[in-house]
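Single chain ahead, by itself, as structure tokens, in the form predicted alone.
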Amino acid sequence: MELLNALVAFTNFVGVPAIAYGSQLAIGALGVTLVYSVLRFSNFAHGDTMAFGTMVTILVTWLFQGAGISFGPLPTALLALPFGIAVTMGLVLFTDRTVYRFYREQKAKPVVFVMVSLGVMFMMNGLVRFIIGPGDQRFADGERFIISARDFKKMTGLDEGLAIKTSQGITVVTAIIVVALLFWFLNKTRTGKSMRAYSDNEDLALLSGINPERVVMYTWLIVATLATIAGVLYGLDKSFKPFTYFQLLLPIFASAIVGGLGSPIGAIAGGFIIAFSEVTITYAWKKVATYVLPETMAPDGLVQLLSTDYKFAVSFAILIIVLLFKPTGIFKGKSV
């Protein structure tokens, strides 16, 4: 019975949160990987693109809530999500036409694109803070839990409860659908195959009659979609704060690089590796240890390797280790 309680505690505080967080990082890392594969630069504005898409979704959600429109037990933000995606698509296309296109035509080096994306990042960050403010914004509504700890205890008779939030369930289901659709698009559609060909060999793709501007446009549209979905899912699961999305850039890039920058499968694997590492290292293991160990050996302290304040340091440490010992990542940086 004690082992079951320990397993439930582990699932409740480590397993479920890490799977949800890993799904959010995986979707975010897919956007970074696509830009790197097709446009050949590291987009440091990705975190703030997520923040912008989430901000638009929040504003539309508040509009719907004010008008009495809801999605029943599900968050109203899911109804507002397509509007957030559409506006973000417009923003990234505008940014590409007014900023990145010039440097693309100049055949600028990747490092120049990185510096330009930093400028875009600060502009987006300032825009989001100006419109919605720098503070926490909560926009989740509907049923909070799929199953609550109290109901789980009642059903099983265990001392430890398992709670699964609606936002966590939605995150995992959405991640599966998004990944399946993205892989279908890249492997089965003509545009997706054009993107893969352009990613593998730009010169050969141009000789084959592939329109590079069309490939770039579709890449940005997909990236805007992925960024907005990842941002909204993260906001629903936790809360929305512009600076948090700026900080998310580190674990998202760590996920992409650990898996293999340029590899979609690597981005997904990297997302879960980073998420489980962050959650496991910053979790206080006292409760699990108390169930598993004899009473005389029960720990007095929290049994916590790192405070949650330092969770992004875990991503940074893993990123440094990977760059030192296996810079191509787990999947050797395969292209799209």
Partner chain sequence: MSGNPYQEDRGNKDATITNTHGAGTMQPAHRKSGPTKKVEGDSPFLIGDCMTGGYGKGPDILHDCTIAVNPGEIAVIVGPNGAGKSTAMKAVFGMLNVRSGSVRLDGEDITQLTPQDRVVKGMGFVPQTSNIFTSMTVEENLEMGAFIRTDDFSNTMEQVYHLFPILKEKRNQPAGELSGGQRQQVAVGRALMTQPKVLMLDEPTAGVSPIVMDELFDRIIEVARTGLPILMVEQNAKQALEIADKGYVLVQGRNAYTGTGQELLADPEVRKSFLGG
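What you see is a predicted model, and the numbers here were worked out from it, not measured in a lab. Positions refer to the first chain, counted from 1.
Although not depicted, the form predicted together with its partner chain is the subject of the following passage.
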property	result
Heavy atom contact within 4.5 Å of its partner chain in the predicted complex, the stretch among 64-72, 23-31, 268-276, 39-47	39-47
Proximity to its partner chain in the predicted complex, single hit among 205, 223, 91, 170 (heavy atom within 4.5 Å)	205
Heavy atom within 4.5 Å of its partner chain in the predicted complex - residue from 250, 210, 146, 217	210
Contact of residue 107 with its partner chain in the predicted complex (heavy atom, 4.5 Å)	yes
In the predicted complex, residue 153 touching its partner chain (heavy atom, 4.5 Å)	no
Its partner chain contact at residue 102 in the predicted complex, heavy atom, 4.5 Å	yes
In the predicted complex, residue 138 touching its partner chain (heavy atom, 4.5 Å)	no
Sequence-ordered residues of 155-193 touching its partner chain in the predicted complex, heavy atom within 4.5 Å	187, 190, 193
